[in-house]
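Only one chain is shown below, in C-alpha cells, and it's the form predicted alone.
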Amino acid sequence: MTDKKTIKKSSLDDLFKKMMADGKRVLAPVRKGETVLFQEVDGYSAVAADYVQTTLSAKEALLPRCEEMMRFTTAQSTVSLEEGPAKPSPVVVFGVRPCDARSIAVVNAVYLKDYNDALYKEKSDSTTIIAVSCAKSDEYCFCTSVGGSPGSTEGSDILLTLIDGDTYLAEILTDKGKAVVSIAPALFAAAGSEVKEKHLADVPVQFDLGALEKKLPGAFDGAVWITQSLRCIGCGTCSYVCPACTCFDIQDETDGTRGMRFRCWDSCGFGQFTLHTSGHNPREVQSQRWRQRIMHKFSYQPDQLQVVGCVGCGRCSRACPVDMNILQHIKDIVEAR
C-alpha cells in the first residue's frame, strides 16, 4: 500500500546530505549549456530546474554505455580469469521523470526475466529511484499513448509531485523508498487529502496502442518503411537517448597477454548491427532497420516480453538530426488504410 507524505522543497538539500551521509551516491539532472544530464551531485542546489525532459535518460545508472565484464590473462594455451568488477555502491537517482521510471520494466524484462544478468542485477538491487511528476510537457511527449501518465508511479521507489511552490506530495511506493524516509523521518510530514492530478501536465492520447499492435504484423512488407526512412542517416542517436533500448555489443581488447571483455550500447539502426561474417546482411537497407526498431518496440516486445518497448518520452524525436518524429510515424501507421 502506498504511503503518502509531504516534504518541503527547501528540505531536499538536507535529504540529499542525509542520503550521502548514509553512503549513497546521488545522481540528479544537471544543466550543461543546452543539455540536461544525470550526474553525481553533492547537494540539491546543483539540480537543474525548469525543463521538460533530460537530454539523456538515467538508464546509464543501471546499464552503463560501456561496462567491464571481466579481465583475463593468457599464457600459451591457458586463459585465466581475474576477479570481476567491484560491487556497485548504493545509488539514489533523483529527478527521474515517470516515463523513464516506467522504462525500467522494459530493461528488466530483457536482463532479468529468463536469465538474471549479474552485472545488471547488482546495480538494480543497489539503485533507488526518486521520480518527479511532470508539471509540463511539449509536443514530443506521448506517455499517455503507451500506457503511462505524467504522474505514473510505475518503476519509482518514491514519486514526488509539486503541489504548491514549496511542497511536494511524496508517494512512498517500495521498501527502498521507505528506507530513504527512515534516513530523515523529520523531513517528511503526513499528507492530507492532496490530489496530485490537478498539478500534472496535460498529455493527450495521440493514438490507439491496441490498434497499432494489431496493425503492425500485417504492415511488415508495406511501403511505409521506405517512405518513413528516406531521410534516416543511421546515426543511432534515437537508440542512445532512449531509456528503453537494451541492445549491446561485446568486445575484447588485449595486448596479447592481458585483456578485458566489455559490453557497450549498440543500435539496430547501424548497418553493421546484423552484418554476418559471411558478408550477408538480413537488414541491408535503412528501411529494414527502421522497420525493426518500430516492430521491436511495438510488436515483438509486447508479444514476447509483455512490455511495450517505448515509454513516450519523445527523446528520439527531439534529438534526431534529420527531424524524424516517431510519434508522427506511429500515427501515420495507425491511420493508414
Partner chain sequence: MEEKNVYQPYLMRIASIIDETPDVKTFRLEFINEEEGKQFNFLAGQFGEYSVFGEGESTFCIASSPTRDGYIECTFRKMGRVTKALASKEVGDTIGFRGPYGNTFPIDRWKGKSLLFVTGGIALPPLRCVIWNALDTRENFKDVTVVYGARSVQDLVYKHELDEWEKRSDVKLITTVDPGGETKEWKGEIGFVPTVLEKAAPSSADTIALLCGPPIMIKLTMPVLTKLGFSPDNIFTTLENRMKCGIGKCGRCNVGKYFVCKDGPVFTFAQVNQLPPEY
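These figures come from a predicted structure and were not determined experimentally. Residue numbers count along the first chain shown, from 1.
One more form of this protein should be noted, the form predicted together with the partner chain, which is absent from this view; the next part is about it.
Using a 4.5 angstroms limit between non-hydrogen atoms, Gln76 touches the partner chain in the predicted bound form. When contacts are judged by a 4.5 Å heavy atom cut-off, Phe72 counts as touching the partner chain in the predicted bound form. The partner chain in the predicted bound form comes within 4.5 Å of a heavy atom belonging to Ile250. Proximity of Thr167 to the partner chain in the predicted bound form: non-hydrogen atoms within 4.5 Å are absent; the residue sits far from the partner. For the three residues Ser152, Thr174 and Glu197, a heavy atom within 4.5 Å of the partner chain turns up in the predicted bound form in no case. Only one of 242-250, 177-185, 206-214, 153-161 lies within 4.5 Å of the partner chain in the predicted bound form by heavy atoms, and it is 242-250. Contact annotation for 252-282: residues with any non-hydrogen atom within 4.5 angstroms of the partner chain in the predicted bound form are Asp252, Thr254, Arg261, Arg263, Asp266, Gln272, Phe273, Thr274, Leu275, His276, Thr277, Ser278, His280, Pro282, listed in sequence order.
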